[in-house]
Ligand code: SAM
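Quick heads-up: it's one chain on its own, the form predicted alone, in structure tokens.
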């Protein structure tokens, strides 16, 4: 039975000295998986809300912003994305966006916690509608160990759809992990990873990520910006890194001629997301 709440769910951001709150109607689900506490709330204005260990993962209302930007810019930057690896992404929203691309032949998604996917199938079925696609392969195991045992050059794009770089997720932001991802990538291969808020995390997360990605041998790195209301500051990034080419262009004509529907992403948004505010540009140029 749903548990009534009629209260507010609040996630504080200690480093930003701020918090984000949503008024909830009831708690729909709660469980402790072998890895984390998973909760789902019904909210007044954002639909269902997925919370893991007290941190907001997504809402029904605004998740399309994140999932579209985690997938389409990278796939339209790569000249011919066929083999995709997603590390994390257990809610399957990024997987669904990736599978909209006709060039994609296989997507392997590796998330350590199967319960996140099963809870998402129940409470966010719109995100999981492509789980049965024959091109999709869902594995539930440690992503770092999976990457370490794969053959070199076996994928075109690696998407790291991870939690924050704390606790178990910290290793996904390490130079060793980036080096393993680079090893997996073929020619023109791309890595994309969520990289938190430029307003709160430029010094603590984004700058170290640039150093480690470059230290792992990637030729170029660029952060793309987009709004994300339910995340700290409402201003988010994902960071692209290219194995052996600079990131300056993308297949704009292919974006214009795409046969699938997007709610946020288009060619103009892609171009705009590549522009960097001055404080961020100066901070990253100094590295």
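Bear in mind that the values here come from a model prediction, so they are computed numbers and not experimental data. Residue numbers count along the first chain shown, from 1.
Keep in mind the form predicted together with this ligand is missing from the figure; the text below concerns it.
- In short, of 124-132, 108-116, 183-191, 206-214 it is 108-116 that has heavy atoms within 4.5 Å of this ligand in the predicted complex.
- Although the partner is absent here, residue 171 sits close enough that one of its heavy atoms falls within 4.5 Å of this ligand in the predicted complex.
- Contact check for residue 161: a non-hydrogen atom falls within 4.5 Å of this ligand in the predicted complex.
- Interface residue remark: residue 48 is not counted as part of the site for this ligand in the predicted complex, having no heavy atom within 4.5 Å.
- At a distance threshold of 4.5 angstroms between non-hydrogen atoms, residue 56 is in contact with this ligand in the predicted complex.
- For the residues 136, 75, 155, 87, the 4.5 Å heavy atom test against this ligand in the predicted complex is passed only by 87.
- Here is the short version: of 221, 65, 52, 255, the single residue with a heavy atom within 4.5 Å of this ligand in the predicted complex is 52.
- Residues of 217-247 that come within 4.5 Å of this ligand in the predicted complex, judged by any heavy atom, reduce to 231 alone.
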